[in-house]
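Form predicted on its own, single chain, as structure tokens, below.
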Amino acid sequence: MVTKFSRRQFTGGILAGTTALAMPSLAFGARPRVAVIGGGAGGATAAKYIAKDSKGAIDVTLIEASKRYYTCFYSNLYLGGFRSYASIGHNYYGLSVNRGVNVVHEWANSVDTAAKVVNLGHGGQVKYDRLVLSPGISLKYDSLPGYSPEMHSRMPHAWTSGTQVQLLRSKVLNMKKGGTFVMVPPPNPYRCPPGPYERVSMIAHLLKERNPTAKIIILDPKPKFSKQGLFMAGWEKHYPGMIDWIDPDTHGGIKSINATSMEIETDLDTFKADAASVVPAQHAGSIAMAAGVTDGDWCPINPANMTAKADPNIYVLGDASVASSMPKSGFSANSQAKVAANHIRGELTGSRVYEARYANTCWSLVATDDGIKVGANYSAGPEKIDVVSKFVSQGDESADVRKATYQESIGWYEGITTDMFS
């Protein structure tokens, strides 16, 4: 059975990790301060719930450079023509006006953990008693020989919030008839495991309508990928003969990328692209590195509350964290934010802290009304976040079930963005 999420259900508690309680009286003095860096699914949600559930007892500052946030999740549907670009953009008016969050549109340059201060790009500072880091990802350009930030205009990665996804759509629409699109997915671990393959599906949908003799080549650094059987069956059904997935054992690895000639050289061959999306390896957002809470590329956390193992006063959410079996997704970040918000409120006001419960679902659209999903529920073990139950779409599902799955994802998007920004 497929469950359809409504806005009321989502914001009313299906995914909520906390329940508001009556606040205890606070001692006379200044309110405790929480700074949140990053205004995406983790940071915006955490800022909202800390402010809302503490009923103003905690001073919350959200530091986010962008005044309008475009979600990475659902950006593939914009590529495929199922959403407008405006529909995936959101502002912080609700958090500021409805929740009393102090929203600072600035870059966070560094964190002084000893002084408990965030240093801002314009020279100002934000003091904190607890710090929430939800900085998303930064890209490791040197993971792909020849790739660099200067190549964005020719081979956009479109893997972070912003206008690159518009550029990518334009490049696909302007491909020559019968041309070739090349997708280079990132290696594990990375943001949104099914994302590159939904992207391929949506570009295939666009090409089938406007350039049906075009080809798509996937040069994958991984021997397998999320929902692989479901995607490949969908590609064979909807886009027969259009998509070639080439695994690393076959292509032997990418040797060089030349954005000027639009060529990608592997041990097997040199692939000439008319349009391409190249997504490098990733690591935790740079501010997490600057704060000293990373171990290698990512931030280890305590499963019970999302505190950084390197600093009990810092919480790390979403893509930047090492959340064990939880994938790096918007749903995961939103779920983690509610656990962290409840713990922060308890730490600073003495209110009740609930046992951590986490959830995630990743929906993908393969073609019109052909939605698939994978997800799980989780609990906090002593050393890692453990899977309690999991589910995945089945290969023999009816068209009605697949359509209902897609409709479910629409309800989820409406629900999570309302939950984040209202």
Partner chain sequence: MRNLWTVFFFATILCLSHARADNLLDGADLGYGEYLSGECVTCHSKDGVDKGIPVINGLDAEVFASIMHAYKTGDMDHPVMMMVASRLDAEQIASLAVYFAAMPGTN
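Residue numbers count along the first chain shown, from 1. Computed from a predicted structure; not experimentally measured.
Not on display, but discussed next: the form predicted in complex with its partner chain.
Each of Tyr49, Gly375 and Ile416 comes within 4.5 Å of its partner chain in the predicted bound form, counting any heavy atom. Heavy atoms of Phe331 reach within 4.5 Å of its partner chain in the predicted bound form, making it an interface residue.
When its partner chain is considered in the predicted bound form, Ser389 lines it closely, a heavy atom lying within 4.5 Å. Shown alone here, Asp369 lies farther than 4.5 Å from its partner chain in the predicted bound form, counting heavy atoms only. Its partner chain in the predicted bound form comes within 4.5 Å of a heavy atom belonging to Arg357. Here is the short version: of Ser277, Gln282, Asn342, Thr294, the single residue with a heavy atom within 4.5 Å of its partner chain in the predicted bound form is Asn342. Taking a 4.5 Å heavy atom cutoff to its partner chain in the predicted bound form, the contact residue among Arg352, Arg210, Lys224, Lys237 is Arg352.
Although its partner chain is not shown here, in the predicted bound form the stretch 402 to 422 places heavy atoms of Gln407, Glu408, Ile410, Gly411, Trp412, Glu414, Gly415, Ile416, Thr418, Asp419, Ser422 within 4.5 Å of it, in sequence order.
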